[in-house]
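Below you will find one chain, with nothing else, as structure tokens; this is the form predicted on its own, and questions on how it binds or moves follow later.
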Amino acid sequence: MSRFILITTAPDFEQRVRAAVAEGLHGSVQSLPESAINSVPHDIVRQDVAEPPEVIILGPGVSIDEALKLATVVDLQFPEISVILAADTSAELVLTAMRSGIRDIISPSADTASIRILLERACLSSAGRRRGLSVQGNSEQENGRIIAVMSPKGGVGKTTIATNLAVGLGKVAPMSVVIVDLDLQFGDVASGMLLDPEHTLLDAVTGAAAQDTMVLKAFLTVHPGGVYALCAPRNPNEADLITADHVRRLLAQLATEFKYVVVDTAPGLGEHALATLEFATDVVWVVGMDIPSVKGLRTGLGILHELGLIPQGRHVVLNFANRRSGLNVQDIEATIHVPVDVVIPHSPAMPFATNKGVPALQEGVKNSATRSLRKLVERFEPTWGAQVHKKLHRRAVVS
């Protein structure tokens, strides 16, 4: 799958571009000869019919005049594609490039990290314009699904479920998934996905990002699994600076840009969790196979039912299932008064994957736990409801 098309005569620049993509961007690089600069845009863009590109990089060795001509036509015919020019900048070139539709200019000697950041930005910009063009062709904008992953009690593997769900959905809809760590004081999404974010949720809800979705996108962290992440603040004290209104505005912004917004909430029913439920299309309830966890979920469901905050899409996940726990699925269903939809059996592979910082579904591990996780992911695929509507809440069985 090629998301990046590169035209250059400089092998060292091509090597840095490929390294930048390999370091964490989804997709691959297709290199075209210098002569391609004189081709019509349709021939360049349709090199891979199955996966049209998002970014065209015009590298060193390409005629600046020809690059500007190509960018002008691409901007008219394929406005959703970002065109990047690698050249030494001047005030005159910047102005001319902007008028020609060049989205960004980078130095030919830029290092791999700088190129990766620029490509991330270009991909986000491309996705935003593509969605905008799609909305223009429809009378109503279809927002993405906001999936809240919740549990009244901690210690039930909620973050593990959330990160695997995000990575699994990333395989269904590459680069159209974002996971938000709303456990503001002790969130583990960053460590659970082996991320070192440059920006956190606090940056995303304050300043220009709160007003401009394109600016907000620049604060997201790209994960190799083809998803974006917005991680919790580094300092627990910063959680007090994020309000419920911040959360509402953030989720509304993300839902206009992403097909799936997975929200890993803090345990309990705090103001941020309640604000999430106001916007959520789905909620994944995670419960462990212990009495405190089950009783907590029963109480939480009762409170939310009274408040009218239970989304239409309800998915109950029983985690760490074990026949020797003293409880069974029927006991839990009888207590919480709703069916269990997905049972994830206890597996040593799950904490091992969490400790590595690599979600099990990212590595392609095959065991009973990952099979159950895939069943959870399937519940959010577009065709799932039509296929199994009659089995929406079929009684689960501990495997």
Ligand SMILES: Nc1ncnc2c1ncn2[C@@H]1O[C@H](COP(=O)(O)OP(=O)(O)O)[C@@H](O)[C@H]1O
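Values in this document were obtained by computation on a predicted structure and should not be read as measured data. In case it trips you up, residue 1 is the first one in the sequence shown, and so on.
Omitted from view is the form predicted in complex with this ligand, to which the following refers.
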Would you mind picking out the stretch of 314 to 322, 72 to 80, 220 to 228, 297 to 305 that comes within 4.5 angstroms of this ligand in the predicted complex, counting non-hydrogen atoms?
-> 314 to 322
Quick one: of Pro339, Gly357, Gly61, Pro351, which gets a non-hydrogen atom within 4.5 angstroms of this ligand in the predicted complex?
-> Pro351
Pro108, Pro292, Gly270, Gly155: which sits within 4.5 Å of this ligand in the predicted complex by any heavy atom?
-> Gly155
Close approach of Pro41 to this ligand in the predicted complex, 4.5 Å, heavy atom | no
Pro345, heavy atom within 4.5 angstroms of this ligand in the predicted complex = yes
Decide whether Thr160 counts as a contact residue for this ligand in the predicted complex under a heavy atom distance cut-off of 4.5 Å.
-> yes
